[in-house]
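The chain below stands alone and is given in structure tokens; this is the form predicted alone.
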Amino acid sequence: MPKITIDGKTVECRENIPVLRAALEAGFEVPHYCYHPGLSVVASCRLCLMQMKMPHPKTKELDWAPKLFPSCQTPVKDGMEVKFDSQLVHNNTNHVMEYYLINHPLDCPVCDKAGECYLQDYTEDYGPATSRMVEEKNKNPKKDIGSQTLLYQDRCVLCTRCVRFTQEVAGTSELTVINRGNRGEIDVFPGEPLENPLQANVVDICPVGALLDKNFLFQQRVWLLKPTKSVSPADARGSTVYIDVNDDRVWRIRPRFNEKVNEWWISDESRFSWQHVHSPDRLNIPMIREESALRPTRWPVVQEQIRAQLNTVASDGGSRVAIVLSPMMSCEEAWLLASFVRQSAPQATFVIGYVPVEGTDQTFPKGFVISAEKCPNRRGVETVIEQAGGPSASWDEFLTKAGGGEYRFALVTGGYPKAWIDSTLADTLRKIETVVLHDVWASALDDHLWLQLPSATWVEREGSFMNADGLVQPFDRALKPLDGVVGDGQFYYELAGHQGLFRSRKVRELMAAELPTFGEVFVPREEPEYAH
């Protein structure tokens, strides 16, 4: 690994990265706008200029060059020496910041980017204390450039990150720079709105408040939001994300860097996959059938009833019992439920639940993939079922046997982001004498259910998902479960006979004794912030 000297400090860095990235990864604060490690380098913002030692043209001895170099465009080389903390560099930064502020509006109090805006931070740290601008500022219009995105052009610093993103990552090229000089501005091509499946990433990478998410506009101040590390349930890829919450509510989802899955990006499916969490239609009371009607009950009673019913129908080992493990469950929840059932009904059939698939995989120019499989943990649940041993069935095989009346008891788990049991599926499941449904939504099957149990959404749970490539990725709980709902992990933890508070890490340690795969979870490395 090459070693370079930055401001007198020796830094060991990775091969073939720019000096700017090496400095940021080493903890140096270097102002920059246009550079992003996931995009091509244009060196247009001129904020990251540095001094560098070069051979003197006469003496050939290393000396500080009289001009500045863009650190984003200069690759590291073993033995090189650079500095950012010099008067020459500070003067450049001060002058460049003054140019950026010439036409910038003073609307920080109403800007959604306030609190995480690098224009604010750099102005405070490097910009001039007062403005010499006395002429009238250029005023550019606000533009509605897509169904999810607004462009406040008067805030733009023309870093062109958004343009490069649509060209290089999304491959759709809706955005461009029109006009020249101080009249230059970002715009969409006529009749080509910003509508690609990754379009909201331009809001994340905009270093100022020029590109805005319509769903988040004027909703919250970012310093009030608490980020939680999570994994998207939108598809089988398992993109890592931050869930930003405040006042017991999700306000937005942002990408979390993951070198093996999604890098710096997420799909719009992942970004907007949380709205159902706050739906007024969610179930929140456990119900049991009494006198031909579902009536409220208590969670301890539910556990006792399930144990008693399972013991009754499993007197022959459970050959007529089916347990449907949803691919929306976490690995820990599936393992706890499977462990409990195998103790009471060793011949029960484990079923991998309904796996929603939409179209085909979408692959973008730089390798980002949106999976057609719209569930996060099919592979994890299949691994648990395989380890549990005993009878198993696919979803279609289960429906065929259920329609033929082969099962007396079924516990079906759901957790999908929208209602999924239609009248046809309900008619099939009515052939089963006793059905327990653990789900988020009411359904056409409610008139037949013995137990209707409300489920928590993934935002309200902790655990891990195994993605399509076999990576086990942990996620944390961002919100407490809805009032009246017991977290799925806690419910299955107690049902399996464990005492105390469910903690996914503790359960994974138990799982690892039987399944070494779950002993090693993948946690992405921490990346420096690139002027988000």
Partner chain sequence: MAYDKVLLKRVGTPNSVSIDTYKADGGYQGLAAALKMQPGELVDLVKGANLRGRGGAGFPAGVKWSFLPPDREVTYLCINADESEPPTFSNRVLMEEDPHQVIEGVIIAGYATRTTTAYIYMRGEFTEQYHVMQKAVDEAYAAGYLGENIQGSGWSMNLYVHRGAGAYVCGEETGLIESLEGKRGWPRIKPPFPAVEGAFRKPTVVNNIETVACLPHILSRGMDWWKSVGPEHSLGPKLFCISGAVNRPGCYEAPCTITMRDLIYDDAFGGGMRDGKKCKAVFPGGLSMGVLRGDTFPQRPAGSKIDLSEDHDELDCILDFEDIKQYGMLGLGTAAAVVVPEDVDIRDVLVNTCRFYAHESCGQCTQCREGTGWMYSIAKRIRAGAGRSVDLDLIEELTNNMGMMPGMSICGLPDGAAWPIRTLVQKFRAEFESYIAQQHAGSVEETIRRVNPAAYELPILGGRQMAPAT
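Numbering follows the first chain given and starts at 1. In this text the structure is predicted, and so the values were computed from the model without any measurement.
This next part talks about the form predicted together with its partner chain, which is not shown.
A heavy atom within 4.5 Å of its partner chain in the model of the complex is found for exactly one of Ser279, Gln219, Asn182, Thr360: Asn182. Taking a 4.5 Å heavy atom cutoff to its partner chain in the model of the complex, the contact residue among Ala372, Leu224, Val110, Val177 is Val177. Only one segment in the set 291-299, 410-418, 182-190, 448-456 has residues whose heavy atoms sit within 4.5 Å of its partner chain in the model of the complex; it is 182-190.
Among heavy atoms of Thr240, none comes within 4.5 Å of its partner chain in the model of the complex. Proximity of Thr130 to its partner chain in the model of the complex falls within the 4.5 Å heavy atom cutoff.
None of the heavy atoms of Leu479 is located within 4.5 Å of its partner chain in the model of the complex. Contact check for Tyr100: a heavy atom falls within 4.5 Å of its partner chain in the model of the complex. Taking its partner chain as it sits in the model of the complex, the stretch 55-83 comes within 4.5 angstroms of it through a non-hydrogen atom at Lys67, Leu68, Gln73.
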